[in-house]
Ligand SMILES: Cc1cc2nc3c(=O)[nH]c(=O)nc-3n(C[C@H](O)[C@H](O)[C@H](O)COP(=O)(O)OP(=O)(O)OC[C@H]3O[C@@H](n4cnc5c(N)ncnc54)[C@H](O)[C@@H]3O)c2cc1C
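Before any questions on binding or motion, here is one chain by itself as structure tokens, the form predicted on its own.
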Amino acid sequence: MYIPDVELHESESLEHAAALLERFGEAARVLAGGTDVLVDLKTGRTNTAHLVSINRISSLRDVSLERAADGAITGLRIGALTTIRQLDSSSHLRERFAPLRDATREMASAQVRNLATVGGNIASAVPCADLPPILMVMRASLILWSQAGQREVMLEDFFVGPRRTILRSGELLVGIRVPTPPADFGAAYSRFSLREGNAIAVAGVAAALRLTHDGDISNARIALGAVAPTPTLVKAAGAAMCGRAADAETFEPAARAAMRAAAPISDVRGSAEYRRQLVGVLTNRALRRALERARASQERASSGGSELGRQL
């Protein structure tokens, strides 16, 4: 394998990058960490003639907390050029945002995590990407920028097919916004791969639960990765749990609903049926971990721990 002839363009600003993307159209791709696009070039999956690098746009490389006028934390903002390692090591990923580490710590190898970006993991629209499922259940939105203006879309509305998104010509993913979860919330991501380190997911499931004061489920979300053409939010699985007790008897029908929603393929990593069965196992696993975290969050809130969260 070799990298074919390609012209590299270094962008100094968003305006410059957008102008280049509009100029070269479908012959251009954005270059961030390069862990996806360079592989695509080597394998001949893309015939890209122009790479538009955005690595010099330092404003896209940041993890910060967003606050309301009274100082309360309203969410987490992640710059698109933030690497997986930078996100994983951010001090802002405490308590409420900690479930993101379920994905960042399991993803690929240390070398890849040092280069791969959060924005690239999303914008590449690879079905087996690890961050989209957990971000979906945490109700993340994406900030998309173009010279015509900025818009914000929910992550679950971003993907339209394998390696296809709603990004318009000249439009860039510049940031990810994750709202601060409530004190009765817990989320988790569970994946399965064929070996540790540098292995892409055979199947992945993210789950999120919100509990009532009595400990029942008031809201639930389940998202799948690597088992459908796109990362997929399974609304039926989440709806099946609402108003019910948070226990194995409730989780099992949700796991079956997730299995029905899966549309896996058979390849060298496993058969479609094997992956579908994995979805059931991983859904139960993610739900149990999400429940543990939701209960722990409730306990912290009742003992004054939520006040600490607002001060972080």
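Just so you know, these numbers come straight off a predicted model, no measurement behind them. Start at 1 with the first residue shown and count on from there.
Although it is not shown, the form predicted together with the ligand is what the next lines describe.
Contacting member of 87, 138, 227, 116, with respect to the ligand in the predicted bound form [4.5 Å, heavy atom]: Selected option: 116.
Position in contact with the ligand when the complex is considered in the predicted bound form, options 246, 258, 282, 32, heavy atoms within 4.5 Å: Of 246, 258, 282, 32, the residue with a heavy atom within 4.5 Å of the ligand in the predicted bound form is 32.
Per-stretch contact check against the ligand in the predicted bound form, the hit in 234-242, 93-101, 207-215, 106-114 (non-hydrogen atom, 4.5 angstroms): Looking at the partner contacts, the answer comes out as 106-114.
Partner proximity in the predicted bound form: residue 180 to the ligand, non-hydrogen atom cutoff 4.5 Å: No, no contact at 4.5 Å.
Proximity of residue 190 to the ligand in the predicted bound form, heavy atoms at 4.5 Å: The answer is no: residue 190 has no heavy atom within 4.5 Å of the ligand.
Contact test in the predicted bound form: residue 63 vs the ligand, heavy atoms, 4.5 Å: Taking the distances in the predicted bound form, the answer for residue 63 is no, it never comes within 4.5 Å of the ligand.
Interface membership of residue 142, the ligand in the predicted bound form, 4.5 Å heavy atom rule: Result no; residue 142 lies far from the ligand in the predicted bound form.
Stretch 43-80 - residues with a heavy atom within 4.5 Å of the ligand in the predicted bound form: Counting only heavy atoms within 4.5 Å of the ligand in the predicted bound form, the contacting residues of 43-80 are 54, 80.
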